[in-house]
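Here are two versions of the same chain, shown separately as structure tokens and labelled structure 1 and structure 2.
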Structure 1
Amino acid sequence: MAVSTVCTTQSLNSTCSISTPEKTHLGFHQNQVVFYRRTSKRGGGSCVITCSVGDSQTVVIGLAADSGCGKSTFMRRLTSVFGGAAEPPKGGNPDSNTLISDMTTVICLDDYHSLDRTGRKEKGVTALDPRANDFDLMYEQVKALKSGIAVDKPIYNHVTGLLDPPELIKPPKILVIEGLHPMFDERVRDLLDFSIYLDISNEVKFAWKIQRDMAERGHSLESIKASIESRKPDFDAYIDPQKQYADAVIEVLPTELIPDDNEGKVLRVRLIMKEGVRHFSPVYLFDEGSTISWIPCGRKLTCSYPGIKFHYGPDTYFGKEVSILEMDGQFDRLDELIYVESHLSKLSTKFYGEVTQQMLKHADFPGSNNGTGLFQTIVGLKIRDLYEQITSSKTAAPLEATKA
């Protein structure tokens, strides 16, 4: 939050600053500081006023994916890594999309829709279309939160399809912006300290969306199919291209272990990690930089048909150097995951077996028996490490300046 510090000297008999909170037209709160300095002719001291904004050192993470691609599950895994239950703002709108825990605040970028459901229908646009979203407000408010300034963020009500009155969001230690467009606008993209894209194949996406929208939102199968078809052109134009900017991509594909598989229950998942990202070191299997295929099934890992296969190696992705860790298949017993974990390096764990512990803690989450849950957990631990590196470097900078 904005903080002003006023220092007075004995020679001054006046107030040196007046700080008044004021809300701007863009929905964020700022402090207007009015001050003056007076120096005594008799050699007295001068009034020194300092004002600091953003000392909360908010780290901003962006998560992009299409609707129904596992963003909510990923957010639950991520917030769990930092501790504390993620809950909607207390005493606020019961239909709020925001989740707040001890260290994190997760904002759904659907809240920056500039058109409600009826408005989009009237104009013939989908929620994926940039014309249905307010990127200026998104940028200004994310920038304000990153700078330590609270904002009055709008709310898009997924139940009614209406734009509800705004809610006050205070700057957290870690701000996660998740939704369709966190990397679409270059201004917002430049504010991100780390970015992730969930890339779900069409076959897997269809199965996931049916499960979520039918079970949780009461949509019919016909309406879901129609929604997917109507959204595809805009997805290809505005959402999918964002993956080229991501620091990490979790790609979910049908298995290659079962020939001509049509059920989609067994998945092949790839963790694509960009090289050269500050505060981020890609995870590797056995030997960093080598190309390795590994079938771990045997005495130390229970595997039913079709088994499990890992692959790791260097590659290129949109012209950038990356490391890719792949898992095809699923675990029969999560407690045996420790065997796989012991062969992975640069996991950014605090202790031996932390990945396995996190997976067991959320064994009921979707994807906990395959690579989606494993790689989401690993990325969560890497984000924790990134946050600690960023905050420690910010703390060290003023100390180094003082010594100089």
Structure 2
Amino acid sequence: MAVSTVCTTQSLNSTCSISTPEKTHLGFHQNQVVFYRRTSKRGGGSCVITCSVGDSQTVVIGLAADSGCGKSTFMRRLTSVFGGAAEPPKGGNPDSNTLISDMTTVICLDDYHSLDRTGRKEKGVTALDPRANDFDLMYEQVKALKSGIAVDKPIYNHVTGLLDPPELIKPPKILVIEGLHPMFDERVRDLLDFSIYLDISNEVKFAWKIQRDMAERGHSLESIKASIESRKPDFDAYIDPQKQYADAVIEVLPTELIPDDNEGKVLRVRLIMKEGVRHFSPVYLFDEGSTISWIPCGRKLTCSYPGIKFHYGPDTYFGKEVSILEMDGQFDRLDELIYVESHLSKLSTKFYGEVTQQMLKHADFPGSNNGTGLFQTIVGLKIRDLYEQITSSKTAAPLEATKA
């Protein structure tokens, strides 16, 4: 985001005053101030001095989901697309929720809890409730990072349930804010260059939480069920409505290929992509804008039970035009994945087979054999594409400003 103050001078020796349009936040300015000077052709003595804050090109991505719904897996796939592994900040608070890689920094929005565990108990609010979160601080800090200013961000410690002393976050090339409320506050929403919502159906959520918790002492089917149901009213009131604002929604549902399947192992996943989003072109199957049902298994490709089924087509979602790509079933072999990839278009890959390669790189991650892994990987590539488009258009802008 380049900002400029234009000063006109009468003589070559005058000074130009520089002011940044917003108050700088806690932390320090990392940007250099660059001067461009151009004298007029016929020695008239007036010159234009343009001052601009350089290199503040942080792209901000928002990712919303309930806890335990695969966000961390998503983060690892995403950071992997850009290369390098995301690690917690070195040498800092070991209970930090932040992840940092070369290109990306992932911030967990739980860090903006205004009430710690005790505070929430006293007030009778869950973490899902907006009253437990400081949206003013969230907005200020995301805005600062987006403008290239480092911030001292609080840390919410999930082990102790307390708010720990802040950690310094430097503006990265790509900032990902993940949590329960990335799209809740309108001001924060407006800062996002792209937003994703992970929408897990109740049956799948139940199956996943059983897998997660059954081995724990203290938990039983009843306690897992009770926890989900008790949180549902707040979830439906505060978290779920955010999906209407998302540029992409990954919806995870039980499979339709196996009657009465309740294990949640085979999944039907829908990638709902908003049309008309800047720098984002939806993936499509065969013929953009048409409606397709496709079963790749047949003469050229043999699949094991229950097979794979794709669907693609235009639709509306909360009143907006969308394209939906859907996969039901599981990949069992490498060649199934490549076959599918070779029939999808506008994947934003840099070479043939890149989706397959990314999936294989993380074959041990959950969802690697179904639509969750596939669509998370594709969204990761789309974000890379969006980032490259935004940064190349921003480097073009200052050149425009110095013309004529």
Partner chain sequence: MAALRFNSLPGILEMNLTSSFSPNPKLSFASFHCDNKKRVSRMVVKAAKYKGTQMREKKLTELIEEKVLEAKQVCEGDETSDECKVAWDEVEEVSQAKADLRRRLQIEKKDPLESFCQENPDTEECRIYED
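Treat the numbers as computed from the prediction; the structure is a model and nothing was measured. Note that the rigid core is defined as the largest set of C-alphas that superpose within 1.5 Å between two forms. Residue 1 is the first residue of structure 1, and the numbers go on in sequence order from there.
Structure 2, rather than structure 1, originates from the form predicted together with the partner chain. Once the rigid core is overlaid between structures 1 and 2, residue 336 counts among the residues whose Cα shifts by 2 Å or more. Put the two forms on the same core and the Cα of residue 189 is off by less than 2 Å between structures 1 and 2. With a cut-off of 2 Å and the rigid core superposed, residue 226 has a Cα displacement that reaches or exceeds the cut-off between structures 1 and 2.
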